[in-house]
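The form predicted alone is given below as one chain in structure tokens.
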Amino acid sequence: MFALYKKELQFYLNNPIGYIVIVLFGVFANFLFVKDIFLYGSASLRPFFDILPWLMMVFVPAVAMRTFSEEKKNNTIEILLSLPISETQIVLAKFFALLTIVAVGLLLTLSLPVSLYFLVTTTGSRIYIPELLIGYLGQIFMAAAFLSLSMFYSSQTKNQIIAFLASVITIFFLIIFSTDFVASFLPFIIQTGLAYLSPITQVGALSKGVVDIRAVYYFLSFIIVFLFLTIIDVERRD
């Protein structure tokens, strides 16, 4: 399993496209927050965490779209399944390799809290550290959820573009479930249910610096369900 993890990781580390995607994510994340940093009027990173889901909506599917689609297109899925590891280990190895890549992308945004720290120190303010740490933990959970979803779609088709678009569209609807747009034309009870299903609602509590067990349970359940569905699909290819 570790050998497959290294192989998947090396694909992105030895491929210029992997670096381009990661760097673009870091650049856009930094730019979108910094350009309005003085408009927020606070030392909080919550506005930054509000931006990240929209970037991950594109970044995560772009990273994950090749996971199984390329294996099927190149007819290497049979070779993969012939390895002395289980289908579960194959899926998990790919999942953790992709999660590592996404984590590297998030690391590129650490310049924001560092810069903000020095900026607000001169004014006598300070950054709330639990909000920062737990906020980033929430983003990791959300990225992992998006990855599991994107890997599932990648396991359903040989076409990477279809996998990418299906993931982006699904994530888009999951995001807007928590917005006023949905509330404007749906009954309150339905809107409340859809809002709970949105990862934005769940990650919101973590962005405040509070470890919400319900949010952690939501993300773990989401990840497990879609990884399980992916494993089932991979097993059917055996």
Partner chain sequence: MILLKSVSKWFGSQAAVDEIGFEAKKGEIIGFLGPNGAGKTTTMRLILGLLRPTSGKILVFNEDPLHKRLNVLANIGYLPENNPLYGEMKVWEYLQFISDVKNLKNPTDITDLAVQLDIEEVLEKKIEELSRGFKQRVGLAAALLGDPDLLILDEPTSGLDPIEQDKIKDLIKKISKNKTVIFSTHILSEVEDIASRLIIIDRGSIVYDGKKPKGRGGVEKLFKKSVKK
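Numbering follows the first chain given and starts at 1. Since the model is a prediction, treat every value here as computed from it, not as a measurement.
The discussion below concerns the form predicted together with the partner chain, not included here.
K.L.:
Mark Leu80 yes when one of its heavy atoms lies within 4.5 Å of a heavy atom of the partner chain in the predicted bound form, and no otherwise.
P.N.:
Taking the distances in the predicted bound form, the answer for Leu80 is yes, it comes within 4.5 Å of the partner chain.
K.L.:
In the predicted bound form, does Phe228 come within 4.5 Å of the partner chain, counting heavy atoms only?
P.N.:
Result no; Phe228 lies far from the partner chain in the predicted bound form.
K.L.:
Ser111 versus the partner chain, in the predicted bound form: is there a non-hydrogen atom within 4.5 Å?
P.N.:
Ser111: no contact with the partner chain in the predicted bound form.
K.L.:
Is the gap between Ser115 and the partner chain in the predicted bound form 4.5 Å or less for some heavy atom pair?
P.N.:
Contact check for Ser115: no, nothing within 4.5 Å of the partner chain in the predicted bound form.
K.L.:
The chain here is shown without the partner chain. Which stretch in 151 to 159, 84 to 92, 97 to 105, 136 to 144 comes within 4.5 angstroms of it in the predicted bound form, by heavy atom distance?
P.N.:
Answer to the contact question: 84 to 92.
K.L.:
If you apply a 4.5 angstroms heavy atom cut-off, which residues in 144 to 172 are near the partner chain in the predicted bound form?
P.N.:
Residues within 4.5 Å: none in this stretch.
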